[in-house]
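Laid out below as structure tokens are two forms of one and the same protein chain, each shown alone and named structure 1 and structure 2.
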Structure 1
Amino acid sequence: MRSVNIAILGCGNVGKYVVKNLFELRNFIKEKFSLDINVKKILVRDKQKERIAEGFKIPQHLLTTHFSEIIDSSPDIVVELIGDLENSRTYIRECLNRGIKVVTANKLVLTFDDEIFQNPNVFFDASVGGGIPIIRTIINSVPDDIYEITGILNGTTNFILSYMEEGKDFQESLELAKKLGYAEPDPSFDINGTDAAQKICILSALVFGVRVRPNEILKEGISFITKLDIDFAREFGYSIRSIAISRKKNYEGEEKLEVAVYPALVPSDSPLAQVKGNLNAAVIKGKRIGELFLKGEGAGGNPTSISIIADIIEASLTYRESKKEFLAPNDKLIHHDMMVSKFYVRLSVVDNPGVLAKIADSFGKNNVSIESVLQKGRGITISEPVPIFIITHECLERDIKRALEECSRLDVVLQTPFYLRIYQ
């Protein structure tokens, strides 16, 4: 039986559950892994604050407000759950310099600090997907040539879009997400795609060996999705989901990467379309394994704590010597204008004869072929706008942009055209 001492930085919602579950699972871990895991110290801001998780009270004698006491407790592993950038980075580096292994769920540090991200003694399965072992599956369980990973990696946006499918608008759905605790008081990082972008960049490095930054990829939010879009998607056999995607593509005879986060129309019979509420999911596609689908809780104390505990066990049993090596993106990324997709387009037009012909002409001149068109309703007067929905065949994003720019200058188009990609 090997004894492993750990210390924890931060005891918020996830931290409380890590401590609780380490105590509750102690005998199970002893029997299955021959590890006796002992929590020695927990760094907090306020020692007097009571911390309880499902009736389990965090022992007061474990709490400290001084990082020096964390080091003095002689931990084998430090679990970082503070979640900011500068303090977390300082503490993590100090631990690594002292030969202490680190477990973290901190996307900010992993995204922006190469030294920490590449260190072989940093374990971070819980940083993407909460309780879903996406990273562990990629690293340890899929010895295959992966050519795509696509995921629903943000529970807040998925909850909002799922709720909009029940007939609510964006703002109603967002307010309910806040009320239920799925969205932060300031949910902008979720809504605008930043959170998912950080996660897909981490996965891109692990899967394809290319160190991509969030500001280098296409990133779009969901705040412009309307009930009209949701209804159209359903009528044509789609659901709208915010997806994060990283995949190999042959581009002008060279293998490159397409990395992006955006809302897309997903076929209703696909596994991703079945992911409802605040769940996360990922589809991993490999040359030999085909498609592997993972789904589960993407956040929350219990699910995330289990991923962290799995990392603690792995760190206890694993000796890693060589650091992770990654390539700079350089010219490896496909610019989003050169991405190929089918597109969904929503236009608001006057209800006049010849409108579709003008729009089709603008599309045709820009190499965009129309697959289907739907007009919903009729205007009471000629000047009243009516919505037109178009599905295109595959084309370059650059070309659909040019076509819609030309359409926006037509006198029959009353509002700026809106488009979404169709995931295939």
Structure 2
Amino acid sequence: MRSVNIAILGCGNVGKYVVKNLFELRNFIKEKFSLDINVKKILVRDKQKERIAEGFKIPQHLLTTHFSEIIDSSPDIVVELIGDLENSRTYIRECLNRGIKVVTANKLVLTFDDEIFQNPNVFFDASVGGGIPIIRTIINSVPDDIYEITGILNGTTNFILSYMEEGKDFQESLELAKKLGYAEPDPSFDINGTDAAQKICILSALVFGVRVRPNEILKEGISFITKLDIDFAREFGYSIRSIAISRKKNYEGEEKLEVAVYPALVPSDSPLAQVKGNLNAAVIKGKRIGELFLKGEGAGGNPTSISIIADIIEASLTYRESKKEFLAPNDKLIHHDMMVSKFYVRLSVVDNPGVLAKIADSFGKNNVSIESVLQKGRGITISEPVPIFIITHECLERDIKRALEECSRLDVVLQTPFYLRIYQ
């Protein structure tokens, strides 16, 4: 039996469940892995705060507010669960310099600090997909040519979108997601797609060896999605999900990458549409393995702690030497204007004869072919706007943008047109 000393930085939503579950699973881990894992110290800001995870009270004597006490506890592994950039980065570097392995769920540090991201003794399965072993699966279990990874990687936005599907309000759903501990300290990171962008960039580096940055990819949030979009997407046979996508594409004879985060229409009978609440999922497509689908709890302390504990076990059992190497992204990314997709369009128009013909003309002139159109109801007065919903056939994003720019100049179109991509 090998004894492994660990120290934890942070004891919030995730940290307290790591402590609770390490205590609960101690005998299981001893029997299965011959490891006796001991929590020696936990760094927090406020020692007086009461910390309880499902009735388990975090022992007060383990808490400290001094990082020096973390080092003095001689840990073999430090688990970083503070979640900011600067403090976390400083502490992680200090540990690595001292030969201490690090387990972290910190997307910010992994996104902005190449040295930490590439260090072979930093383990970060929980940084993407919470309790789902997405990173562990792609690294350890799929020695195949993966050509696409698409996921629902943000629990908070998925929670909000699926609550809105049930008729709940955006703000009410966000407040609940915050209360349940799913949201980031600044929830705008969830809502505007930043969190999912950081995660898909981590996956792109691991799967395709390309170090893409969140500010280099297409990133759209969910705050413009209305109940109307959700209802009409359903009428067309789709559900709206915020997806993060990274896939190889042949572009003008060259292999390129399409990396993006956006709310998309997914067929209502597809596995992605069945991902509800705080659940996350990942579709991994490989040349030989076909399609894998992983689904589970993508946010929340209890499930996320299990990925952390799996990393603690892996870190205890392995010593990795080789640094992760990545190619520079530069010319690898396809600009989103050149992405091909079907589109969903919402227009607010005057309810007059000939309106549809004018819109169809703008679409046609810009190489956009219409698959179906829906208009429900009529304005009570002739000047009252009515919404029109259109699904297009596949076209370049550049072309739908041009068609909609032209539409917005028509006197019959009353508001800036809105569009979403359809995931295929």
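Computed from a prediction, not measured in an experiment: that's the story for all the values here. By rigid core we mean the largest C-alpha set that fits within 1.5 Å across both forms. Residue 1 is the first residue of structure 1, and the numbers go on in sequence order from there.
Between the two chain copies, the one drawn from the form predicted alone is structure 1. A displacement of 2 angstroms or greater separates the C-alpha positions of Asp169 between structure 1 and structure 2, with the rigid core held in common. When the rigid core is held fixed, the Cα atom of Pro185 travels 2 angstroms or more between structure 1 and structure 2.
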